[in-house]
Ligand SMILES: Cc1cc2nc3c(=O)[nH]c(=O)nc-3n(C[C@H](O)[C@H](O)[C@H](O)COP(=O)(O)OP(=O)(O)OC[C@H]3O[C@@H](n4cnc5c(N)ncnc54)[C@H](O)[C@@H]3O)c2cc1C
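Take a look at this one chain, the form predicted on its own, written out in structure tokens.
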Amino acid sequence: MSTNKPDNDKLYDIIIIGAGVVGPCIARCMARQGRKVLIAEREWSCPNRIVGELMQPSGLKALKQLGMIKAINNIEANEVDGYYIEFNGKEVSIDYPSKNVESALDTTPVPKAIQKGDEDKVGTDSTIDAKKWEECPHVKGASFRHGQFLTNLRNLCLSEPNVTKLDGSVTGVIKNDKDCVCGITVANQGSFKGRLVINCDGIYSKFRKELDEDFVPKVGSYFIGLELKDAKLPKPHFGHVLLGEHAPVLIYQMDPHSSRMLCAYRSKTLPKRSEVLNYLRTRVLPQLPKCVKPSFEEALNQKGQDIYRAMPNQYLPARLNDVPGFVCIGDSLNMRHPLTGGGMTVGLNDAVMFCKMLSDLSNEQLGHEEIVLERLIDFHTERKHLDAVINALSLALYTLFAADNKYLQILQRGVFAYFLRGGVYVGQPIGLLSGLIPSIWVLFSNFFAVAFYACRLNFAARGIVGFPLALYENIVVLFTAAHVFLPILFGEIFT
């Protein structure tokens, strides 16, 4: 563990604000590239969050490239092999793609990130068998307790001699006479200077407004999180998505005895406790699989105020990092709906790309505004391949399955029926969801293939007599699909 003490008189090469998922990864890679790194965090104790607990395969790929995949070890993490989807009593299981899908991706490590040979390989522990993991023909995801995973990331980061830990609350950034960010101020500890300040302070970022005063996220809904004890899930080692009359419900295992349930709640403001509990009892409980109901009821019947926790689902399309000396990465830059579990995937892949793009710069060049801006323009453009797909998919799916609109319900039935076809009809969608097919065109073509298939099924359901009505409905369905999807996609591409 690093024993360096913060030095107010030292010029650091990199200062990182925030030690969430992304900050420690960047700190460790930058340190291994020979940079003096100061990482500031106001709360180093193990956090307790209800999101950031399921890692998609593309996120694990990024952890390998960062040499930090062993952060999922020794926390009783659960291997995830795909998704189990239930819709109005019908079910379908979708495996993650074959490892062959990674052949089209850049899987090379970040320069100098891997120094001990096996840092890009998962280890064996009480819940993970490394040999079976490596020999599995399909890619894998993982689910775990967020705080324990984050603690591992921080320990890996702080084990680097070039990393200095700063325990304190960052209160502001310092600018020089050229209006370039050149350091930070910390409560009761003074100021610290750095060539480049990287902001990774998460969803409630205090400093993203340095990019623009109007750069603020929008809250679209809430997730209500419960912890289920010894829940019997329909498909172990799969993420569960339960769809129906209620808004979407997610369930995944965090450790051998605990599972997280996230219930989407259609509200843009924090709902009242009485309303939430009534919704869970009257709308969610009756729709759950029978095997899950006992543990859910047990969770609801707990005494005290800790039955559930609420978390806002926020959306923030990324903007160009063009403030000299200052960079936002992770949730401070870009957020999406957590329905598809893509937040850590985007953040970690951004960390990989960012560290690669700056890897050939000298420490002195990190303080050169023009040189760094040129790399940040490339970063903003290149990251869209993945982030536009993950973000647009998450928002479109939530809008679709949380709606009670008649025409969106036709699309809902079409999506599920499309998945029931199996084979190639689920191969690309699960590739998009897992972050392993970062193709805007594949997302676009699959979305409208599903929409047209929904229209086809609606024609069949209405029959010859109902053809005129079906024709009208299908026109509205396609218009609705375009109205939901295209503004989100174009916003991601052209922002």
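This is a predicted model, so every value here is computed, not measured. Start at 1 and count along the sequence shown; that's the residue number.
Not on display, but discussed next: the form predicted in complex with the named molecule.
**Q** By the heavy atom within 4.5 Å rule, which residue out of 165, 356, 193, 154 makes contact with the named molecule in the predicted complex?
**A** Looking at the other structure, the residue within range turns out to be 154.
**Q** Would you mind picking the one in 408, 276, 231, 311 that has a heavy atom within 4.5 Å of the named molecule in the predicted complex?
**A** None of the others qualify; the residue that does is 311.
**Q** Exactly one stretch in 325-333, 375-383, 174-182, 391-399 has heavy atoms within 4.5 Å of the named molecule in the predicted complex; which is it?
**A** Among the listed stretches, the partner-contacting one is 325-333.
**Q** Considering non-hydrogen atoms and a 4.5 Å limit, does the named molecule approach residue 40 in the predicted complex?
**A** Contact with the named molecule, yes.
**Q** Give a yes/no on whether residue 54 approaches the named molecule to within 4.5 Å in the predicted complex, heavy atoms considered.
**A** Because a heavy atom of residue 54 falls inside 4.5 Å of the named molecule in the predicted complex, the answer is yes.
**Q** Does the named molecule come within 4.5 Å of any heavy atom of residue 345 in the predicted complex?
**A** Yes, contact at 4.5 Å.
**Q** Check whether residue 415 has any heavy atom within 4.5 Å of a heavy atom of the named molecule in the predicted complex, and answer yes or no.
**A** The answer is no: residue 415 has no heavy atom within 4.5 Å of the named molecule.
**Q** Using a 4.5 Å cut-off on heavy atoms, what residues in 206-230 are near the named molecule in the predicted complex?
**A** Read in sequence order, the residues that approach the named molecule (within 4.5 Å, in the predicted complex) are 207, 223.
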